[in-house]
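Next comes just one chain, in structure tokens: the form predicted alone.
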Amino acid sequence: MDYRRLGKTDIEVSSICLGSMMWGSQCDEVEGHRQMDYALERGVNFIDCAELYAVPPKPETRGASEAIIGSWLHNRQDRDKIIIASKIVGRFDHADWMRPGGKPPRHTKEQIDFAVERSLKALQTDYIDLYQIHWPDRPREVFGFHSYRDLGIDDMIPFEETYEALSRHVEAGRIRALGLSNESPWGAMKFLQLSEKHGWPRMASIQNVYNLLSRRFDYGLAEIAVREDLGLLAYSPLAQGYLTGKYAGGNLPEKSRKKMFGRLERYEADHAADAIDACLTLANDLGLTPVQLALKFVETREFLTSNIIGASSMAQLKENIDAHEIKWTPEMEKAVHKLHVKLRSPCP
């Protein structure tokens, strides 16, 4: 297992991170515990969750993933060897069940304090290693858009209020490091600028979508990640399962995310099907499984800190971890680049 420094902190995380968003929906507590036990045996020391999980978001499963991790951590004697990441939701105008009194989630000091304390309780721990802003507070299209549309920032909670509130939890020892997620180049640089100006804890990472079909991170954020030590925690490296090939030919496996929850819009636009087929064909041409090509590609990016994998079964988890063990060759890099020149990040 490869271990990489989280930003400019002294935290070392495995290049594979175990995602937990399915725990509490597709996977129960027993399965979640089994996955964490196995991942730890394989050298994975990094587990990612969020106050919103399990997915899809709904009141009855909110916090389920954190609770499953908490019950696993409860009797362990090695908390200091396990890196736990969680997130506070972003601007969420239609979730009156997320905050007391039905308030819409925003990044105010009051709500940040509430969210941190609730996550600590669910996780049954005294501290969270990495606490991330799940998506921005400001009005903007965050998930699955192709072109920018300015919605203004007059109605956002000021960066300074959010950042100062988060910093106080770092000072108190409840959080070790801070990170971003689903953030833009402008937002990332704004946070870095404010940390320098006020002496607040520096953002250590950015968790954004990244895979063979969705490579917008390359255009702007990648250089920030490299130059500013804001390493990528890549989510959806298998494009919600499409890059495994399991949906090829219209197949719809039982207990799959699409079967259980319906449309996966980010990878189902009219132009996406041919791009997915091209990735599956390339894997075959290179003598790889689709999972090997997709996951090793992400892990070998110079701006990557950790690759977030998720699994609905132990068999999937083993396959995902094993996929990282192949050797990435110049031939593979050249072939992937050629494909990217043709596809140009077809999915948002």
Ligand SMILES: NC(=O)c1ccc[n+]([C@@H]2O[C@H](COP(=O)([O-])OP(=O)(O)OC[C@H]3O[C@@H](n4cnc5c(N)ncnc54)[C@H](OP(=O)(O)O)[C@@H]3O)[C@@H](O)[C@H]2O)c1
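Heads up: residue numbers just count along the shown sequence, starting at 1. Predicted model, so just to flag it, every value in this text is computed and none were measured.
The same protein also has a form predicted in complex with the ligand, omitted here; what follows describes it.
Partner-contacting position among Q124, S256, S214, S167 - heavy atom within 4.5 Å of the ligand in the predicted complex: Of the candidates Q124, S256, S214, S167, S256 is the one lying within 4.5 Å of the ligand in the predicted complex.
Interface residue in the predicted complex among P105, G179, G231, P237, criterion: non-hydrogen atom within 4.5 angstroms of the ligand: Only one listed residue qualifies here, and that residue is P237.
G90 within 4.5 Å of the ligand in the predicted complex, heavy atoms: Result no; G90 lies far from the ligand in the predicted complex.
Touches the ligand in the predicted complex: W72 (any heavy atom, 4.5 Å): Flag for W72 set to no.
Distance check, G241 to the ligand in the predicted complex, heavy atom within 4.5 Å: Within the cut-off, so yes.
is_contact(F143, the ligand) in the predicted complex, heavy atom dist at most 4.5 Å: F143 belongs to the contact set for the ligand.
Stretch in contact in the predicted complex with the ligand, which is absent here, among 275-283, 315-323, 298-306, 37-45 (heavy atoms within 4.5 Å): Going by heavy atoms within 4.5 Å, the stretch is 315-323.
Residues within 4.5 Å of the ligand in the predicted complex, restricted to 24-58 and counted by heavy atom: The stretch 24-58, when checked against the ligand in the predicted complex, contributes Q26, D48, Y53 at the 4.5 Å heavy-atom cut-off.
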